[in-house]
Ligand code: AMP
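Presented as structure tokens, the chain that follows is alone, the form predicted alone.
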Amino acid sequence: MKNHINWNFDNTYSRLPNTFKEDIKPTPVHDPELVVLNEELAKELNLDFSKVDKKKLAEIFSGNTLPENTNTIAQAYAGHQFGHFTMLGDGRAVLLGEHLVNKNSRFDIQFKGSGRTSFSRGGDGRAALGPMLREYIISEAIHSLNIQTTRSLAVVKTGEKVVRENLLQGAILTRVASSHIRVGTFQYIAGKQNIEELKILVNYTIERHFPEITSSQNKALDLLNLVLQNQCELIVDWMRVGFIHGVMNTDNMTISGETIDYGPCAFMDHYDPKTVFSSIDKFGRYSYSNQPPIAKWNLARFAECLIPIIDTNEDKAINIATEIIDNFQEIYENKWLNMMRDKLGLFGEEKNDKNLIKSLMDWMSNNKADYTNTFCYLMGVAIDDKIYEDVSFKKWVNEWKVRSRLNNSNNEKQLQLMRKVNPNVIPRNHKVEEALSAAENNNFGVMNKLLSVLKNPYDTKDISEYQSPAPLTNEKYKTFCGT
């Protein structure tokens, strides 16, 4: 295929030992059709699709035609899924390779829904249109909210049906990531008990993501510290916008600190720390408030993988790793507290800040106040909700104003700080469902409008219809992982 598109593939991961992957090509599809192409992301990747017609684009993004110099593989990894350990791998995904934008920027290009691999474990290796468009919408929204994430370059329909609860339209998503190395990748290699391959993975990961520690005295230890910092920042960002990942298995935690795998994910409307959206999360393991402790739990699994190379003395290695993992709580809480101060436009630190924040959260929880809109209201955005006339809320606002006066800065500076971190709009669950439902009927206009609104979440223009939460019902909103 002529490379006027500017594909520039280099495939370092596929050159790792065979344990790490399976060489496999995407399974061709019957009648591919392009649904959406992310032109802004294409530009950032230095890709030019302007001279390629829709039919050819569909051939490319379905895997029917592969770009030059790709070396397609399915990656091996393991995972604690809802706490239970399983050897896994890409059961419906194929990595084309790493596209280089310049010498330093390397991006994995991966197809999701591209057919069976040896890791499919009885699955069909395919994906349905709804879940792939959900990933496209939510991952792009998360990116616009300034949160680290994998991104979506394109979605194509395959022209084939997939069997789930009923027959659905098949689709393939093209995912872009700084890499697909996960905690589960380390678990898979550690499980093989080949110390040389474990060292290869540590060195590869450091070279790719943390070159600053290449000549460190104890690479494994420094790697653990950096991954912990990245994950702390990521979870704090999720909490900032009310995002619930839904499936924080160890195979869905990246070493790069990017959000990955948008299955049963959603954004919280009214504030309830116990909110769960996943249809399979019966016990709230991955609820909103449980995300920080689960991140710590996942990081402890990562630390276990590194024990053999942290120190030759196992007891000593365990003690060192335990000490690092035990730091998580304090690091997270400090970052979370500072994030909440930003949401309330508070400069500096006052000893009563924690109580002020807690009393707001308690009020929101007790009164079923909308999480996003409460902060919008505090920024002076017109929110049509009688709830903010509540006496106890007004009392809290007065306490907040007293604290704000200690900022030693003007109101405009306070608002500037708040506007940077409080979105005016999030992907409201009912709006996402509306877009997906229209798309199933070949109407992509609803989705495109939603995407254009979500592109500027900190803006206040023409978004009122996207700001309201769904009407309250007794039915709980559920999302499904799509496999």
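Being a predicted model, the structure only gives us computed values, none of them experimental. Don't overthink the numbering: it's just position in the shown sequence, from 1.
If you look for the form predicted together with the ligand, you will not find it shown, but the lines that follow are about it.
For the options T72, T205, S178, N252, the residue carrying a heavy atom within 4.5 angstroms of the ligand in the predicted bound form is N252. With the partner removed from view, the residue among D269, E258, D237, D261 that has a non-hydrogen atom within 4.5 Å of the ligand in the predicted bound form turns out to be D261. Remark: of stretches 114-122, 403-411, 141-149, 290-298, the one touching the ligand in the predicted bound form is 114-122 (heavy atom within 4.5 Å). Interface membership of K335, defined by any non-hydrogen atom within 4.5 Å of the ligand in the predicted bound form, is ruled out.
Taking the partner from elsewhere, G91 is found to have a heavy atom lying within 4.5 Å of the ligand in the predicted bound form. In the predicted bound form, the ligand sits within 4.5 Å of a heavy atom of Q81. Not displayed here, the ligand is approached by R126 to within 4.5 Å at the level of heavy atoms in the predicted bound form.
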